[in-house]
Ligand SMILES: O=C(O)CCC(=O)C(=O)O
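Read the single chain below, which is given as structure tokens and is the form predicted alone.
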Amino acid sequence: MFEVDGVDPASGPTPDPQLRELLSKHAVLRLPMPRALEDEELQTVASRFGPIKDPVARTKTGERLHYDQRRQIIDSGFVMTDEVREKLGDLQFGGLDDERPGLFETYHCDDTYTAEPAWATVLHARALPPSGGGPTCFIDMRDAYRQLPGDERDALRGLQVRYAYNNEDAFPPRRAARGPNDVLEEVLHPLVRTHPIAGSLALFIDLDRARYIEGMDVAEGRALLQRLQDHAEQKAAYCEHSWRDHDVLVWDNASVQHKAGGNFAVGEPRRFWRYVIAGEPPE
């Protein structure tokens, strides 16, 4: 993680080659802000890293669907009541916490169920737990790949993983998401991803959405994905960010996985605004 001071939320180059290069190198950037940003200011900051993604994807019938809002509100402190649960019906967000469904405490990458996943995620703190808990944790998937034996690295290149939004095959203890986005088509992404700017190689895995490895026995491929995920979580370089008021955190989905920390009291707020930066199909 690298801290970048002095980013002006009101103006600046769009995109900013220096900020994009820093993100490609360090994978996670903290941009401290003196106050909560207006939406237009956050868009200005996000646009320094590239075009903000319009969250549109193709459905199984070939139509185009807006699967999310352009600015997303991430409310991981939201507590599910029986009344809300009844209104939502069969809707399932995929999180492990039955009381706080917006809290995702398993490592993942954003947007993997789309053909052109977001390259970067921009998250702005709006309300934080008074207890000081709730960090965001990262593991470096470039380091995870480098630590594999050379012959295994070579064998993994060229393999592709199938992903789905409504993934009933989500790897335990993960839970499948269900809802209106079930209609999205399934997509294929490489297991080893080449960074679009730096050219570095990284494992590219999201067990929340992965189904199997294309062309491999399903059970064998799933076992391989789980083993690689376990390897990354146990061996790869790791950091966590303890949030401070008004922070903007930016991370590179081509290089790291992330997860939320749930070590804050039920009922405390943990709310963010999020924009994601458009990316091309992973290679």
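Counting begins at 1, following the sequence as shown. Everything quoted here is computed from the prediction, not taken from an experiment.
FYI, the form predicted together with this ligand isn't displayed, but the following is about it.
A.B. asks: Thinking of F104, K259 and R274 as the candidate spot, does this ligand come within 4.5 Å of a heavy atom on all of them in the predicted complex?
C.D. replies: Each of the three qualifies.
A.B. asks: Hey, in the predicted complex, does S200 get a heavy atom within 4.5 angstroms of this ligand?
C.D. replies: Because no heavy atom of S200 falls inside 4.5 Å of this ligand in the predicted complex, the answer is no.
A.B. asks: In the predicted complex, does T136 come within 4.5 Å of this ligand, counting heavy atoms only?
C.D. replies: Result yes; T136 sits at the interface with this ligand in the predicted complex.
A.B. asks: How about D110 - does it come within 4.5 Å of this ligand in the predicted complex, if we only consider non-hydrogen atoms?
C.D. replies: Yes, D110 lies within 4.5 Å of this ligand in the predicted complex.
A.B. asks: Does at least one non-hydrogen atom of M80 fall within 4.5 angstroms of this ligand in the predicted complex?
C.D. replies: No, M80 stays farther than 4.5 Å from this ligand in the predicted complex.
A.B. asks: Could you check which residue among L159, V183, I74, A176 gets a heavy atom within 4.5 Å of this ligand in the predicted complex?
C.D. replies: Selected residue: I74.
A.B. asks: Could you work out which of I213, V187, V192, L123 is the residue within 4.5 angstroms of this ligand in the predicted complex, going by heavy atoms?
C.D. replies: So the residue touching this ligand in the predicted complex, by this definition, is L123.
A.B. asks: Mind telling me which stretch in 216-224, 251-259, 32-40, 61-69 gets its heavy atoms within 4.5 Å of this ligand in the predicted complex?
C.D. replies: Checking each option against the 4.5 Å cut-off leaves 251-259.
A.B. asks: Going through 208-227, which residues have a heavy atom within 4.5 Å of this ligand in the predicted complex? Please give them in sequence order.
C.D. replies: Sequence-ordered list is empty.
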